[in-house]
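The chain below stands alone and is given in structure tokens; this is the form predicted alone.
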């Protein structure tokens, strides 16, 4: 077979992404149709910048999801095919087997792996870690930042000191320290996971308790059920067979989180939490002086009810914008860690590792490093544009 032309490569790539195009069209049609009923999310579709950013982000989200289901990838991201080392885009496979995709659409890397398939699988790594880790960091920051700003005093002084202590370290250096093999061998990241991952449970428990405090018939069974499920998820997340923290038997463990991913996840949560804490604390200091907070206090509402149901909803605009930006920062940090070979396994298809694998031959072959670099760029650009669109809409409110 002859190598593909660039037009044929682009056509085949677009065809491989058909599930993503269908999902994007469905999301946009439904969202635009009902945007007046969807609150801030619906208002996003009144912003051109926001829509472009949302489209870029959702493209990679759907790419990661469908890639994990093997609906887009053309080859195994880790398999090596003889004769395909550093081959240019559109190169046909020699002696392709029945049912095997006959081309490397974006060429082969220095280990004869398919660059296109590794790009797709790399999106799934980002989609798994960056948003979830950032959300966990927000739960930690909100759980500590609200009482610090609301109560003030010694509690605020102590928590602010801890946050400033962590922020005093350069972020990249702190990441490097947390994911180095020597630190991982001590079990410190596992112990940090035990502490940090308890905050989402505390946050949800306090949220539900404050909401249904005066309705014990609803509150008690709801808390028992929710905390039971969350407790099981928590133990499954922190427990890793053969590690320093192994608290439940394997047959009860719902997750088999690889050690490298858990370390990176914990590092992201730990590094981002102090910044979120300071943002939430500042918002709480401002909003607690508003009239509706005084009205809630006059009604006899509890402190946590005021913090979670009066202050937090009115701080959602800046927090949502910062969430989008912080996911972008986390994506860059994941790429940086992968580039330096820290955290994730060496064979991981994450974009940072793939860029590092391809950079050694940049003067001869551009495609192994250029494809994941452009993927990383477009993902972060989409998140920044999405944050700008959300900022425009929150300012209009």
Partner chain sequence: MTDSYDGPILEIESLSISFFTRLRDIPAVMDFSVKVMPGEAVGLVGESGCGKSTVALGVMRDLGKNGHIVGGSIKFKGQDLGAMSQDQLRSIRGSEIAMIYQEPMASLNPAMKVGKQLMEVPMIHRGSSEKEAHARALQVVKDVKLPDPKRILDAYPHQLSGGQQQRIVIAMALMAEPSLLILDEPTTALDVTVEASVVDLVKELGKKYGTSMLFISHNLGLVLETCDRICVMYSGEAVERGSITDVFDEMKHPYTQALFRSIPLPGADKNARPLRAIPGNFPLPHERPPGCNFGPRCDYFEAGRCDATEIPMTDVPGQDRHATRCLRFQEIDWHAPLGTDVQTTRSEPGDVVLKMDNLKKYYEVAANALFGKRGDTKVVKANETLSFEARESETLAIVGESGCGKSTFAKVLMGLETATDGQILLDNRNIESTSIQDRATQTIADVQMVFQNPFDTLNPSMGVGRQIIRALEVFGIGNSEGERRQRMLELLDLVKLPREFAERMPRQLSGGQKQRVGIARAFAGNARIVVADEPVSALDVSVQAAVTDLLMEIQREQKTTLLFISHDLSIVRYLSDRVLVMYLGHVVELGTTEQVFAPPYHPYTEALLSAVPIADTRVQKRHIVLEGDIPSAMDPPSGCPFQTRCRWKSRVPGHLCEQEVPPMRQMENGHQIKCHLSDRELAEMEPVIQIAAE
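Remember, it's a predicted structure, so these values are computed and weren't measured experimentally. Numbering follows the first chain given and starts at 1.
There is also a form predicted in complex with its partner chain; it is not shown, and the following applies to it.
Position in contact with its partner chain when the complex is considered in the predicted bound form, options 295, 185, 165, 254, heavy atoms within 4.5 Å: Comparing distances to its partner chain in the predicted bound form, the residue within 4.5 Å is 295.
Full three-residue contact with its partner chain in the predicted bound form, heavy atom 4.5 Å, for 290, 300 and 310: Checked in the predicted bound form: all three residues contact its partner chain.
Proximity of residue 36 to its partner chain in the predicted bound form, heavy atoms at 4.5 Å: The answer is yes: residue 36 has a heavy atom within 4.5 Å of its partner chain.
4.5 Å heavy atom contact, residue 275 and its partner chain in the predicted bound form: Taking the distances in the predicted bound form, the answer for residue 275 is no, it never comes within 4.5 Å of its partner chain.
Heavy atom of residue 213 within 4.5 Å of its partner chain in the predicted bound form: It does: once its partner chain is placed as it appears in the predicted bound form, residue 213 has a heavy atom within 4.5 Å of it.
In the predicted bound form, residue 316 touching its partner chain (heavy atom, 4.5 Å): Yes.
Stretch from 94-102, 302-310, 137-145, 266-274 whose residues place a heavy atom within 4.5 Å of its partner chain in the predicted bound form: After filtering at 4.5 Å, what remains is 302-310.
Residues from 137-160 in contact with its partner chain (non-hydrogen atom within 4.5 Å) in the predicted bound form: Going through 137-160 in order - heavy atoms within 4.5 Å of its partner chain in the predicted bound form - the hits are 154, 157.
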